[in-house]
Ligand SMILES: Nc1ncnc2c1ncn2[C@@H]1O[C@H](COP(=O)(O)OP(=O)(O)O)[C@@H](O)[C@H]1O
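Form predicted alone, single chain, as structure tokens, below.
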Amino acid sequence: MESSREVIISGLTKNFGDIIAVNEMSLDVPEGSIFGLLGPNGAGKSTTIRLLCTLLKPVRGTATVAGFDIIESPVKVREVTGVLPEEGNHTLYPTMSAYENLEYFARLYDVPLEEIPGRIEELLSFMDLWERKDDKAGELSTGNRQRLALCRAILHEPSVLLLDEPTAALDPIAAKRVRELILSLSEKYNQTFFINSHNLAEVQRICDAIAIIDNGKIILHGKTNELREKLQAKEQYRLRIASNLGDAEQILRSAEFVEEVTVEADTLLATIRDPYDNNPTLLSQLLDAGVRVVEFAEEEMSLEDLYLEVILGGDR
């Protein structure tokens, strides 16, 4: 049978003794989409990945990955998925070179022999590792090992990729390359990505939809753009002022769309309603008053802020 490229989760539950790691999870990740599962450490993200790639068995519920049931067809699930586990760089063989690692795993995945050299060179080149192809994996930096582990996960062109913190330990440039690779693969091959992360800002850049998990339970789920509009109708901005700080503070406090202003040295932190409409107006008012604004940037919303907004309605 020709597999699909979607992930469907129904009532998935896993406990370890009295601890419920995944609690009645139900999700539908469409074919060709990039999905992000967000949550703090211990929320149940990694357990979810281990269930989907058949390393763990649920106590109840099930899921299908690329058309195959994780309970009834675990071998098939492994064939059509690529997995980057948490600290995936530890899944490499340290005494083998970067090239030898990929060559070995390509053979395990039955990649056609004539295609192996080309695939390895393409991936290592894209990840800026081609010049390190003969270096032992154990001698690479943590970031380079993580990039090599990602190459290993996508080497056999799987239908679904399950990535647990794929940019962990990467510097900003390498993290950007990983995000570009994910977007490119999704567009070119219609691959489906299920990505675990605790980084809300990063997930917002690439994911079509997100779900937030806490204590094993999905507490919010939806398309990224819709959730952003819903949850960030009020956003906090950082304004660093080079002159006339007092005038700037007065302008912000008198603006009806500015709900809260905090002063920190030469910086104003302002909570602004409907910023896409109101920020240009505010900036014009500041400049007209002779205020020198050297920075006007959005403060990254943390998961804690998001939880407060969703669960407590912003009541702190």
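What you are looking at is a predicted structure, and each value in this text was computed from that prediction instead of being measured. All residue numbers refer to positions in the sequence shown, first residue = 1.
This next part talks about the form predicted in complex with the named molecule, which is not shown.
The putative spot formed by Thr54, Glu79 and Pro85 is not touched by the named molecule in the model of the complex; no residue has a non-hydrogen atom within 4.5 angstroms of it. Remark: Leu12 does not count among the residues lining the named molecule in the model of the complex, judged by a heavy atom distance of 4.5 Å or less.
The named molecule in the model of the complex is not approached by Ser254, whose heavy atoms all lie more than 4.5 angstroms from it. Though the partner is left out of this view, Ser284 does not reach within 4.5 Å of the named molecule in the model of the complex, counting heavy atoms only.
The named molecule is not drawn, but in the model of the complex it has no heavy atom within 4.5 Å of Val293. Remark: of stretches 59-67, 272-280, 43-51, 285-293, the one touching the named molecule in the model of the complex is 43-51 (heavy atom within 4.5 Å).
If you take 7-31 and check each residue for a heavy atom within 4.5 Å of the named molecule in the model of the complex, you get Phe16, Ile19, Ala21, in sequence order.
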